[in-house]
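Given as C-alpha cells, the chain that follows is alone and in the form predicted on its own.
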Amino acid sequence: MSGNHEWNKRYATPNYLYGFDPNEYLKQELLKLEPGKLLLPGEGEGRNALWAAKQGWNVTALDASEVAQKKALKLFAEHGVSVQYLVTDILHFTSYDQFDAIAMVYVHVHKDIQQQLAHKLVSMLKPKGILIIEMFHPEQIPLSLGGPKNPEMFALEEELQDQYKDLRIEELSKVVVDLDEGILHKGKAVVFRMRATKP
C-alpha cells in the first residue's frame, strides 16, 4: 500500500477535500442492510464513517494518514458519534472480529498487491457478509477529475471477477456518474460499482 507522506500532504488543509456527505453507492447499499459491524479501509477524512455511525453501524475506519485521522476524529466529535479509527492500511490491519460489511470507496492499489488485498478483504468478512466497492474505471485516466494516472493502479472487470471469485458477485458494472463529493470529486467520472456476498 502507498505510504502516508503524500496523503498527509494532501489532507493538510482545513477544507474537507471530499466533503461531508457519504458516497452515494455506499449509502444506497448500506441502507439495504441491517446495521452491524462495518469496516472502511482508506476512509480519509471520515465522511462515510460519520454517516454510517449515525445509521447505527459499529464502524472501524482505517487510513494511512495521521492528518486524515485527526480531521475525522474532529468531525466525529462535532457530531457526537463513536468510530474506531486506526492509522494503518488494510494489509497491516489485524482484528479478532469479522465484519458484516466492508466498503472500499476509491481505494486504488498497484496490480502487484490487488490479489493480496482481495484475499484480505474476503477473510475479514463474516459468512453472508457484504463487500461494497466503488473505484475508478481505467477509462477515467484521461479525464481531469480524480483518480490515479498510472494504469497499474486500476483493475479490469475480468481481473475483479478473478480476484473476488470466492465471493458471489451480485453487481459489477461500469457506470458514468456525476460526482459531487467535495472539491476533488466534482464532475463526470467513469467508475466500477461492485457488490458481492461471502457464501
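Note that residue numbering begins at 1 and tracks the sequence as displayed. For clarity, every value in this text was computed on a predicted model and none was experimentally measured.
Separately, the form predicted together with a small molecule exists; it is not shown, and the next lines address it.
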If we test each of I90, V83, A72, I102 for a heavy atom within 4.5 Å of the small molecule in the model of the complex, the one that passes is I90
Using the partner position in the model of the complex, report whether A64 sits within 4.5 Å of the small molecule, counting heavy atoms only.
yes
Do A118 and the small molecule share at least one heavy atom pair within 4.5 Å in the model of the complex?
no
Verify the contact flag for L125: yes if a non-hydrogen atom of it lies within 4.5 Å of a non-hydrogen atom of the small molecule in the model of the complex, no if not.
no
Please tell me whether any heavy atom belonging to F192 falls inside 4.5 Å of a heavy atom of the small molecule, as the geometry stands in the model of the complex.
no
Tell me, please, which stretch of 28-36, 163-171, 44-52, 137-145 lies within 4.5 angstroms of the small molecule in the model of the complex when heavy atoms are compared?
44-52
